[in-house]
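Encoded as structure tokens, the following chain is the form predicted on its own, with no partner shown.
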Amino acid sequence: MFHWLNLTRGPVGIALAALLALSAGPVGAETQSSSAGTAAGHPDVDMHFRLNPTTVPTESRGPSTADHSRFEELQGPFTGGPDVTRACLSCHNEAGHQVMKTIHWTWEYTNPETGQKLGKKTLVNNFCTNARGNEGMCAQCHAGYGWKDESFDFGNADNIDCLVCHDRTGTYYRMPNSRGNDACAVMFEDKGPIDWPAVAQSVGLPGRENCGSCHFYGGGGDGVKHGDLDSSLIHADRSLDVHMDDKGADFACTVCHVSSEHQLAGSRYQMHARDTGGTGRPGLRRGVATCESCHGDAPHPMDSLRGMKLNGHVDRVACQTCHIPAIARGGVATIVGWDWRTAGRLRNGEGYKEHDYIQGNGEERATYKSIKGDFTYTENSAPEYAWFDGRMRYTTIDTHFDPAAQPIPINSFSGASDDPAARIWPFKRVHTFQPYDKGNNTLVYMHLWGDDEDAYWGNYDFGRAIATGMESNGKPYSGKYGFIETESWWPITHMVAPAENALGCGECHAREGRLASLAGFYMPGRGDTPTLDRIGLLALALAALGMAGHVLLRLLAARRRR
């Protein structure tokens, strides 16, 4: 067992790294020193990258139809992950072909409407900016073993990592596929060598901790990217997520994100903003991951005027708008601002960090890192709201933009009040200042990760990192870079609160309510059309008066008949 491991370079360090790679790393990954990564007296817990400190399986998935510990193929010995994969595929002989068609493997997606090439293999984001060229680090979250450069064999099923999704021991973990510079601390707290036969014999359906080991840590840390996905969901209570409540429904992610041949329903590239299919009970409707696929399009009880009125909202208001009253409300903060312009400041010639934010669960978060710049966090805060029809558009590395049009949307979406396909949705918006090509007016790929002199996470030289990133990926670069303001939008759809914690009517139907910024439609109580409000109230009063008069006349008539 090793604890807060920091290896120095040189013969001793290399020997130790090699020993650990053989004994612990699934793909021969290495560890390295970090003179820059640790503030005095403070452990760099936020540099765990995708290592999840709580990986013990949570929800019960029920008894399996097979006891994998009795399978001869899984007795080992195994020298690493690909050995285990070969054993898995010897029985599950179609699984490899299925996995290699999924986005978890290809990291590619083609928008059927626009033809845009998307996926992590292509996109530029406004967090760590690009996975392309930095696979040694970023591909820790690829469902395969050893992707560190263009030589990775996507046609070799032995490279599939079955365990990252199916391990049920909580002891399996991934490390970077290649070595980084000293500026990148990669430390492993209390992580012992992987017992390959034990994890191979303990596989099962994916639990929340399996999916969360990547999806909770996207963007470079816990809760960084999404605002509605972080480690607090591993042990959620009812108020945080009514579906994942440990003592309640205790859903795994795959209960909603159902799969067919390893293809999982629900993609952020093309979403179902308005699902008119409704429920498919019994058995639930598969192939989508919408609220309506289980709850139907009239989810509230029809035994009251309130329930009927709420059901009338479903047509134009997403369920998430009312049932996710705030983002990042489990005690883990999420990033809403990232300024790359300040990256590269050094102390005594070394990179450093500043920890000036204490999040809800009491843990410190870095507000500055030399390798990444300044961060701004939020938690338990109201999302932003907009009309959304499910169509997302992306600014890719090939998109030319007008710098005067800042902020440049990393992604954008469409939808309007007069669009019947659109509903009001909650979003998290992220603002960033990040490098761009001043000559060609495009975003750039940066070479961040690597054990070489061109990697920014080591030399703090944007010019070299950008030139290398663009050249190695065959992209034109003018040689001039600057910084540009960007923004990205993240639809909020997790951390679903129960009915008693959902938004009340007054949160929106008020002059300064949550939907005050949305224009182009009438909403009672907002105060922007007082005459129409008065007419509506008068009509309601007259209707009530008419109903009362009708009841009175019926009573009088009944009395007269007696």
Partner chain sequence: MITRAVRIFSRFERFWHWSQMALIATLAFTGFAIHGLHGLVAFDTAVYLHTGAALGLVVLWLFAIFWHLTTGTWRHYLPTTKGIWRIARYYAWGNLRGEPHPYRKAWRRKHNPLQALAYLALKLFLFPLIWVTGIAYLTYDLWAATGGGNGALTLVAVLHTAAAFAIVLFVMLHVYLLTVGGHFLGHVAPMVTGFEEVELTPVEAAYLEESEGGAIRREGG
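We call the rigid core whatever largest set of C-alpha positions still superposes within 1.5 Å between the two forms. Model, not experiment: these values are computed from the prediction. Residue numbers count along the first chain shown, from 1.
From this point on, the text means the form predicted in complex with its partner chain, which you will not see here.
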Close approach of His257 to its partner chain in the predicted bound form, 4.5 Å, heavy atom: no
Is there a heavy atom of Thr399 lying 4.5 Å or less from a heavy atom of its partner chain in the predicted bound form? no
For Gly520, is any heavy atom within 4.5 Å of its partner chain in the predicted bound form, or not? yes
Classify Glu72 as contacting or not contacting its partner chain in the predicted bound form by the rule of any non-hydrogen atom within 4.5 angstroms, answering yes or no. no
Just to be sure I understand the contacts: of Arg306, Arg86, Lys480, Lys101, which is the one whose heavy atoms reach within 4.5 angstroms of its partner chain in the predicted bound form? Arg306
Out of 232 to 240, 450 to 458, 311 to 319, 116 to 124, where are the residues with a heavy atom within 4.5 Å of its partner chain in the predicted bound form? 311 to 319
Can you name the residues of 489 to 507 that have a non-hydrogen atom within 4.5 angstroms of its partner chain in the predicted bound form? Cys505, Gly506
Can we say the CA of Pro530 moves by at least 2 Å between this form and the one not shown when the core is superposed? yes
